[in-house]
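Okay, so we've got a single protein chain in two different forms coming up as structure tokens, structure 1 first and structure 2 after it.
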Structure 1
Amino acid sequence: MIKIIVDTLGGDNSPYADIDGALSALNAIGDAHITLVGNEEEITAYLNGKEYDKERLAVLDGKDVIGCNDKPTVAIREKKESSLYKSFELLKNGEDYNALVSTGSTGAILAGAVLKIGRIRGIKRPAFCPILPTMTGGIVSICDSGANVDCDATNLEQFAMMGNLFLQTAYNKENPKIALLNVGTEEEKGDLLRKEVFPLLKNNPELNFVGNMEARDLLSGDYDLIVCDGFSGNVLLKATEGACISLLTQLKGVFKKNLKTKLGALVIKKDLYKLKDYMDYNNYGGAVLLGTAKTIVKGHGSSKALSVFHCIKQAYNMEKNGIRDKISERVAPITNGEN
């Protein structure tokens, strides 16, 4: 049995998206156990009459919300009635609890992960690893996308190895194609950090390292995992999202311009929706946090039930396939003697 805690507060569509996502996961995955954390009365009332295996669902009360105006490190220590505080306490103290899924504050989740759960021994820094849809119908992940803004070469090598294990365990990818985010594709390109990291990745026998990647090729489908420091990874992720959103907004403007364009849009509406759907990263799960002593998945703030379902499935697959043991055995030794 894989036991997963689902925080039902803090997302834009909480608590119903979180609860519905959890119920879908419960029905789809026979050996998953889920604990919903949030406003117990509200959750219980919503569950009333729904079809699910009651043996595999628990509810824990924690009514308070950690919002984006709370200071993460303070809130995760002091807001003791918050759903996220309670979730982390349960994850930390309940030995057989495997994972936590939350669509709440990224900062608070990161703070809770570091302060309450801690790293896998030998992992210098945990890293966020989100998933994006590519233009060829697949996925691409970025590690780190923002947990660590100042990184050294060992950090990046560990990010590469953890991301590699993530794609193997959560997505069954056998030999993920791994690239280093850089300003050009030639081997000698880049800043001091990239020049130090390149040979580490190239010579690592566990990695299928295919070389440097320029940011414009993120969605090409040629790569499965992009390795970067959290600063440039965050720029890569947000610039890509921002450009897609900006362009789709402009396009919407074109379609709504007049009766003629509205009619034109109507004809291709179905296919456009498919494109929009396909571009919607909510359909691909959340950003997993790799390297922590328990599995943690951060769903997008605007997650709907389907997205929460995918987040739970990511957490389940990672745990089912023993990602933490693998990280501990294969990645942690790569620490240049430090910890």
Structure 2
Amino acid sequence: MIKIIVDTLGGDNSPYADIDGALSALNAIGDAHITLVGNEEEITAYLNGKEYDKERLAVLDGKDVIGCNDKPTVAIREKKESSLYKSFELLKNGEDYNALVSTGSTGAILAGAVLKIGRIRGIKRPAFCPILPTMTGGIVSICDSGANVDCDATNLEQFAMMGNLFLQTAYNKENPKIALLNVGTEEEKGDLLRKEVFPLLKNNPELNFVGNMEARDLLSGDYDLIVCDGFSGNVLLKATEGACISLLTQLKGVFKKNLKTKLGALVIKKDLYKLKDYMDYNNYGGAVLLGTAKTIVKGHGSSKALSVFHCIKQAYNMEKNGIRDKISERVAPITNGEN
């Protein structure tokens, strides 16, 4: 049985999106046990009348919320009645608990992961690794997308190796094509960090490194994993999300322009909905935090129930496939015993 904790407070659509996502996961995954952490009275009232396996669902009370305006490190230490604090306490002290899913404050989740759960021995820093759709119908992942603003070359090499194992194990990518985010595709391009990392990735026998990638090619389908520091990765992720949302908004405006365009929209209505669904992050889950001693998945702040379901499924697949053990065995040794 894979035991997963779901923090039901902190997201824009919490707690109901979190609860509904958890119930969907229970119905879809037969050997998962889920503990909902949040306002126990509210959760219990919402569950009343719903059909689910009561043997595989538990509720833990934690009414306080850690918001985005709270200082993450202070909040994770002092807000002891918050759902996120109690989730981390349960994950830390419950030996049979495997994973945590939350759509709450990114900073607080990262602080809790580092302060309470810790890293896999030998991993210098954990990294967020989200999944995005590509124009060829596949997926691409970014590692790191915001956990580490300042990085060194070893950090980025570890990000590449952890992301590589993640895609191989959780998404059945046999030989992921790995690129380094840079300002040009030529080998000599970039700042000192990029120039130092390039030969490390190129000469690493574990990696299928294909060179540098410019940001405009993120969704091209030519790459499976993009390696970068958290600052660049977060800018890349949010700029891409914003551009996609803006494009869909503009497209919607074009089709509403006049009678002719409205008729055209009716003709291709099914295709438009398929495009919208394909670009919807709710269908892809959240950002897994690679390198921590237990599995943590950070969902988008505005996640709906479908996204929470996919986040739980990500956490389940990581545990079922033993990704943490593989990272410990195959990635950590490159630090030569550093911790």
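Numbers given to residues start at 1 and step along the sequence of structure 1. Model, not experiment: these values are computed from the prediction. If you superpose the two forms and keep the largest set of C-alpha atoms that fall within 1.5 Å, you have the rigid core.
- Each structure shows the same chain on its own, and structure 1 is the form predicted together with a further copy of the same chain.
- With the core held fixed, the Cα of residue 264 is displaced between structure 1 and structure 2 by 2 Å or more.
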